[in-house]
Ligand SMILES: C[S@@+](CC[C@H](N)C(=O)[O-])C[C@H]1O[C@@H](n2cnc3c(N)ncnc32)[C@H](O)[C@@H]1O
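A lone chain, given as structure tokens: the form predicted on its own.
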Amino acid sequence: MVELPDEAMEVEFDTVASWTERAVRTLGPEYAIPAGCRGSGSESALRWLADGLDLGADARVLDDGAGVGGPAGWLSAERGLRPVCAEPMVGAVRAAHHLFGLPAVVATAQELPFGDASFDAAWCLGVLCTIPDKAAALAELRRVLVPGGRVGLLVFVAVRPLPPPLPEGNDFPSEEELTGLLSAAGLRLGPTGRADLSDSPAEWTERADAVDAEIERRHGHDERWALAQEQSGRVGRLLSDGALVPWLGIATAV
């Protein structure tokens, strides 16, 4: 089994993001959203969250921890909005801008470069479990939302002790811990659910697989690709075992 070094998170979210952008450019723009959404939710989860955010035509929306911008690209295509992407990895920010033409900034969730009450809504998908200081990240989300603004969350929560080997750089909260953090940040939890990460259209899976195949064709010899695959496999095993569940929630800034 591949040993994951300290830089595993950077490889997964920066190096592979750049590779993903180049692979999509080779295959065609229709591959961008499926590839960009892998690991960030299924189409039904995105739709559930977008519906729960109750977005108006002129809503100012933040994608906090946007990765390469797949979910934000989906929201733009489906709802005609122009989300702002914030993401700490330079390669992912560049990919979001090039693939989807969206405004994207390099920023951590704990220090967002926006004024108070800058957004009507936000979402944060598969991100909190990668942030040690979740309280700071949620406080920043609350700060940049208008009072009454909504945030959509997809969080991988632990429902029992997690068997090793664990994915590098992740800290999975329990649902009880998560709801407490939301309340402390001034975010009132509303509807919750569970995402089915396997129910996207078949063409999504086929296109995401095609992008992975193109990356492997180009970079399969690179140990960083093996590291990223190992990292992804560890999360997938925990989800398959039921030790992690993909939790969905809508919270309102109070």
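Only a predicted model underlies this, so the values are computations on that prediction, with no experimental measurement involved. The numbering used is simple: start at 1 and walk along the sequence shown.
Although it is not shown, the form predicted together with the ligand is what the next lines describe.
Subject >> Sole residue of Ala185, Ala195, Val211, Cys37 within 4.5 Å of the ligand in the predicted complex, by heavy atom >> reply: Contact check passes for Cys37.
Subject >> the ligand: the contacting residue among Ser118, Ser76, Thr179, Thr130 in the predicted complex [heavy atom, 4.5 Å] >> reply: Of Ser118, Ser76, Thr179, Thr130, the residue with a heavy atom within 4.5 Å of the ligand in the predicted complex is Thr130.
Original post:
Hey, with the ligand in the predicted complex, do Val16, Tyr31 and Ala96 all fall inside the 4.5 Å heavy atom range?
Top reply: No, none of the three is in contact.
Original post:
in the predicted complex, which of 144-152, 160-168, 76-84, 104-112 comes within 4.5 Å of the ligand (heavy atoms)?
Top reply: Of the options, only 104-112 has residues within 4.5 Å of the partner.
Subject >> Gly52: touches the ligand in the predicted complex, heavy atom cutoff 4.5 angstroms >> reply: Answer no; every heavy atom of Gly52 is more than 4.5 Å from the ligand in the predicted complex.
Original post:
Counting only non-hydrogen atoms and a 4.5 angstroms cut-off, does Leu125 reach the ligand in the predicted complex?
Top reply: Residue-level check for Leu125: yes, a contact with the ligand.
Subject >> 4.5 angstroms heavy atom contact with the ligand in the predicted complex for Pro173 >> reply: Output for Pro173 is no: heavy atoms all beyond 4.5 Å of the ligand.
Original post:
Is there a heavy atom of Gly91 lying 4.5 Å or less from a heavy atom of the ligand in the predicted complex?
Top reply: No, no contact at 4.5 Å.
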